[in-house]
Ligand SMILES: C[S@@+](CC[C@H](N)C(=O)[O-])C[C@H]1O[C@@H](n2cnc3c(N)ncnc32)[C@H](O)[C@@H]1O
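Quick heads-up: it's one chain on its own, the form predicted alone, in structure tokens.
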């Protein structure tokens, strides 16, 4: 019976396995810290296999900085942590599919790798811009005494995760790059093949961010460097030489061949004023001359058309005596004439003119369309002033600075069709969550959000602290609650006034969220480090699970380890006096009770779950475990069984 590892993915081992599959002769063995043999890569052999001319030395093209190798190692290093549910701080726990996760986003991204691998359609992040006043994350880098003294006051011995990255620091850009690189590596794994990431940034680090993203996502998967013109009066007060009114939003895809960027509705719909019998399917239309000037002249498009009175109309007639041609070929014209796309009428000078009908809901090939235009690379709408006013109206105006406007995030979300999960792992004031709920309310979508935020403490002198918010997460959660309540009230008001479509059931969007918090593993350290203990100490241990952990804590640890989404519904049933947890009916069934009797095992097996998990101590001995396996082989042979 297999045991769940209760630790995150070791990407170094996975990458070695991938290399072994392609180049088995480049794999060797070495000893780990405990003297056990493990696989390793013979890099000299790998270089020979890949090329007879290896690019080494100073003249190879590369992007690097002090600490890059360590940051990559840090991103690949597994951790023994978990996410603990916090029902009392959540909203609509039993029904919501949204998540709010508190903790270091590097830890969270590692923890989400199994459950959300290739499942996120869109990521939006607004990381620290590294302006010289920003706090950035200090990850698990090794410091000498001299390094520590140099950083004194910025990073302490208690491993506080944030420090102020000032321009006077010798590692000013390096520290920022080391923070971003592993997080983007892990984020890429979560994107679907049609997924994209949007990253807000300004001039301080846009050049380095572009190079990092080229490495992580691949240059070929660069989509656009969007410019957001922040509509403030005179531009940034921090601007030097020129007053700057813009920021950037870098966009990269997981796979450029698969993504589709949705256009925006045409802004000149008022020109579609004419109506005919095709209104229901094609919509309104306007008339456009079929004649085209001589600049794009083609002899094959220069043919006569018969007018209603039998006279011949040529392109030159419709272009006041100048050499010209039609926009459509003769065969397409004949198709258009039969299908009601052509109008021939006399103009004011009593001469015949040929027009094509340009329909709002139909193209010139007869295909029903939603008429849109490709979005521009410059977004000259929305402003941070809008964001400030919105927070002020929500009663949070003094609690958070520099929040992004929800209109900007909504605009980005709408550029992607059929959004499912939207992730923001620098969630701040939870603008992205607000935008997702608001957009769902407007278009009936069913998007879900995952917000991740470090519970950074608020300044004791700040208005947020005085208002009772001890960290940023408390502000973000309160914003989601207030935004959700307002959305529900507005929809209910519209429903009563009859503004919603009567033929559709009035459905309030999901405005709840499950709060989960990063914590140490549910398992006692001895369970995973037995070499540090003697046999008698092991025998004296009553349980391998920490005393302060509940069944729900254990359940979410199992979901993470087994790769099951954290948003699925779950219930608890009493079977034979034992608590049994059912996740999404039978996706996963868990029982963490001691000494589970056979009748309970049989009842669980009769439910035919996909997965089932027990505590290792649920069984008195090995024969009991064998008996459980045999019961499932008989009653539910497709079930996978594991223990913790």
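What you see is a predicted model; the values in this text were computed from it and never measured. Residue numbers count along the first chain shown, from 1.
Omitted from view is the form predicted together with the ligand, to which the following refers.
Next item on the list: Counting only non-hydrogen atoms, choose the one of 436-444, 189-197, 421-429, 561-569 that falls within 4.5 Å of the ligand in the predicted complex.
Entry: Going by heavy atoms within 4.5 Å, the stretch is 421-429.
Check: Hey, in the predicted complex, is residue 85 touching the ligand, heavy atoms inside 4.5 Å?
Finding: No, residue 85 stays farther than 4.5 Å from the ligand in the predicted complex.
Item checked: Residue contact check: residue 458 to the ligand in the predicted complex, 4.5 Å heavy atom -> Residue 458 lies outside the contact set for the ligand.
Next item on the list: Could you confirm whether residue 258 comes within 4.5 Å of the ligand in the predicted complex, counting heavy atoms only?
Entry: Looking in the predicted complex, residue contacts with the ligand do not include residue 258, since no heavy atom lies within 4.5 Å.
Notebook entry, point to check: Would residue 126 show up as a contact with the ligand in the predicted complex if we use heavy atoms at 4.5 Å?
Noted result: Judged by the heavy-atom cut-off of 4.5 Å, residue 126 is in contact with the ligand in the predicted complex.
Next item on the list: Find the only residue in 454, 491, 362, 212 having a heavy atom within 4.5 Å of the ligand in the predicted complex.
Entry: It is 454 that has a heavy atom within 4.5 Å of the partner.
Item checked: 226, 545, 216, 472 - the one with a heavy atom within 4.5 Å of the ligand in the predicted complex -> It is 472.
Next item on the list: Using the arrangement in the predicted complex, list in sequence order the residues of 97-115 with any heavy atom within 4.5 angstroms of the ligand.
Entry: Counting only heavy atoms within 4.5 Å of the ligand in the predicted complex, the contacting residues of 97-115 are 103, 104, 105.
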